[in-house]
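Quick setup: one chain, the form predicted on its own, written in structure tokens, and binding and motion questions come after.
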Amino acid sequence: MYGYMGKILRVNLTSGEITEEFPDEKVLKDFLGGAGLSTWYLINETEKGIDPLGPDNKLIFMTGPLTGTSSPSTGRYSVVCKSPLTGGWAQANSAGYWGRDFKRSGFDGVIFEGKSPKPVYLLTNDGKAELVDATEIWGKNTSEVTKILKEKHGKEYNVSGIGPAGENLVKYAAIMNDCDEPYYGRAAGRCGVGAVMGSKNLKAIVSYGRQKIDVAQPDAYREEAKQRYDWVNQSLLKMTLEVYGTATMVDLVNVKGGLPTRNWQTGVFEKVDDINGTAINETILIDRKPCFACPIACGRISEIKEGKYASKGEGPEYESIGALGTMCGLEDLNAITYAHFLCNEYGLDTISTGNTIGFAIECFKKGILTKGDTDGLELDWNDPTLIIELLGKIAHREGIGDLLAEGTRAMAKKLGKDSEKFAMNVKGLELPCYDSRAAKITGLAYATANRGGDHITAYIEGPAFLAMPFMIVDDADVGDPLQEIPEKTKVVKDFEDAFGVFDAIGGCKFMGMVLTAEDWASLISKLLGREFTVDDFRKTGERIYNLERAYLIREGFSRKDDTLPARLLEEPLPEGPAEGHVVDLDPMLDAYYEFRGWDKDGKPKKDKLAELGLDWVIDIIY
């Protein structure tokens, strides 16, 4: 089939049996691949209420039809399962080169089920797959695992796997890929997918292949892909991200008063010039790193040449600077960078990790945690030694790290004393580094994101904080970011639908800033050899989004979960351009539900499900 390898692996880790299958044409047409197709498998093959860390959970790796092809920035893969952090739908997405290498090894995806009686890894090459004993690499960091497996199988192989955090079932453990020089690591970071991998005694997937991805109209596809490359190369996005990477956002968000600082107590970081993109370029940057087929190269390779943090690796990205830096009051760029490197090595999601540490510090400052709880540690802001020590404790669940490994929602539930008011998560997933009090519509996007508090489900931060247009939707105007404007909430729906398609096809969402739905619909048509219109693009995204929502509804989620931490709803920002502001969520949520065709409790209506060809879902959630 054009765009697909035509084989999905099913690996029963309990028995060791490996089989091959592929969905029918209608399922592919409806969900394409990636997160869309994975969610179809997840909701059909798992029962309500299963233990996310039990053998009944499915761990699904899936590429998209564009993954590994010549279109710009199409090297991504998705991982989908039930989240141990939220108890709901989990999806993590990563770029680099592993998605391409896995697909070219002969497979579109792999469904892991059960639990291996001993540590194993999956080896794929030339249409073949086998489970291999992983005892010798269990307990090792991600770069060491990658080095060992490349020495064993060949330097051309690529590795996606977990570090100690995943093995120790840290609820926000990541899956890391490309963890060797010159790339140093990309993360399928969110929702605790690494913990699910660890719960199955699965250490890694090791892949290499040169199998061809067939394209229906190869000449036309190649010509259009080159044209899209040229457009991206001439864009402001390229000019900005190539020079400063995602760290360009540090100044732009801080100047709006929306850079979360000291666990979101303010939105202005006074030492921003010490940790921004310019500081990175002037002190530690040694190279720029592209992912597969990427014309932008927003990734950074950094080196701390001397001192106790001397090291070399990938990053830091904007989210890591915020989570491990400003959220913890940390002013030392070298320490932030080293902490980012360590998160990659341990396999930790930097966003959840930084939020959790910041939350713990505030709890200590308020007397909710004491030295008796913290192994005698004095938790305070701007303490790099503390941050570094806590990372190791979290990854190995040692001492206070065992509590922090559960995430902010579980911590607040255990600690009580009103700590849930400043536990900064939605549905259990810690929030990224944009304070919604400084751009109200981002609060709606956090509240309605299916995987929990997340910035790239809708990616509304671009137009909200930067007035930066996104070409993927026809109208990206969010109005005054300091106002709650119900009629503008359709923008969130449109972005969620559009970017859901990117997670299904294997594309980078940055491309949605430069290229239109028409551009992508045309590429998809020429790849697959069938008509795929702009309406198909939008309807497919909406169908996928509603299926994800159906999974949440089945697991007991409702409007009560589409909310924000009390700090954002009740505590005004104390300074900056958004001083005095909180988020009034309910009017926006009501309007958003109307645009979605959901009822007042956030459940997709039967006629909406029927319209999207999801009639079979009605019996699941009604």
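The first residue of the sequence shown is number 1, and the count goes up from there. A quick note: this is a predicted structure, and the numbers were derived from the prediction, not measured.
There is another form of this protein, the form predicted together with a further copy of the same chain, and it is not shown here; the text below is about that form.
Taking a 4.5 Å heavy atom cutoff to a further copy of the same chain in the predicted bound form, the contact residue among V255, I148, I388, A216 is V255.
Here is the short version: of D230, D287, D126, E270, the single residue with a heavy atom within 4.5 Å of a further copy of the same chain in the predicted bound form is D230.
Taken together, the three residues Y244, D251 and P463 all lie with some non-hydrogen atom within 4.5 angstroms of a further copy of the same chain in the predicted bound form. Listed stretches are 82-90, 67-75, 471-479, 317-325; the contact stretch with a further copy of the same chain in the predicted bound form is 471-479, by a heavy atom cutoff of 4.5 Å. Contact check for L202: no non-hydrogen atom falls within 4.5 Å of a further copy of the same chain in the predicted bound form. The closest heavy atom approach of M513 to a further copy of the same chain in the predicted bound form falls within 4.5 Å. Contact check for A297: every heavy atom lies farther than 4.5 Å from a further copy of the same chain in the predicted bound form. a further copy of the same chain in the predicted bound form is not approached by A220, whose heavy atoms all lie more than 4.5 angstroms from it.
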